[in-house]
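Consider the single chain below, provided in structure tokens and representing the form predicted on its own.
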């Protein structure tokens, strides 16, 4: 990367970080481009060379969310291989909670406060969550194959797990660190209930009635 390209990327990163800090505290709807430029210590005209408007910046932040979620998946799978305990789901949840704690501004953005809540931003975030859920489906199937306990409807199970993790993870953001472990254990317990239901359905118990 040339020095000019590196400087451009550094400026872009400073803008994104400033936007995350301000939006976490106030929400994007009440944040101006000028305020973000001032927070990033960047002249407004330099800002506009990177992003045309708030929606444009919002899409860049949505892309940052996607990068973080994909990194989360890679780290969770690597942790499973390193630990050798075979628990893809539990390790995925632990990584998710660490993501919520370490990247709380990004996590809050993921939960819905972006770029003036524009339709384009919401669609971009929904797409990234959908990709993340698809990765979890693969993890669930791998977990079932490893344990030789088939599951039914892994897509629905993954969607339920993501919903639980997002909702409880959001509640955990403002808790003291010693209380976050209890939230993690609750998420794990809820996920186990979902897994037991999916396993029971695969075994032919409690299958949904057909029309």
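Positions refer to the first chain, counted from 1. Small disclaimer: the values here were computed from a predicted structure and weren't measured.
There is also a form predicted together with the DNA; it is not shown, and the following applies to it.
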Quiz item: Would residue 43 count as touching the DNA in the predicted complex under a 4.5 Å heavy atom rule?
Solution: yes
Quiz item: At the 4.5 Å heavy atom threshold, is residue 54 in contact with the DNA in the predicted complex?
Solution: yes
Exercise. Evaluate residue 50 for contact with the DNA in the predicted complex, applying a 4.5 angstroms cut-off between non-hydrogen atoms, and reply yes or no.
Key: yes
Quiz item: residue 162: heavy atom within 4.5 Å of the DNA in the predicted complex?
Solution: no
Quiz item: Of these, 154 to 162, 138 to 146, 32 to 40, 175 to 183, which stretch puts a heavy atom within 4.5 angstroms of the DNA in the predicted complex?
Solution: 32 to 40
Practice problem: Quick one: name the residues from 125 to 153 with any non-hydrogen atom within 4.5 angstroms of the DNA in the predicted complex. | Solution: none
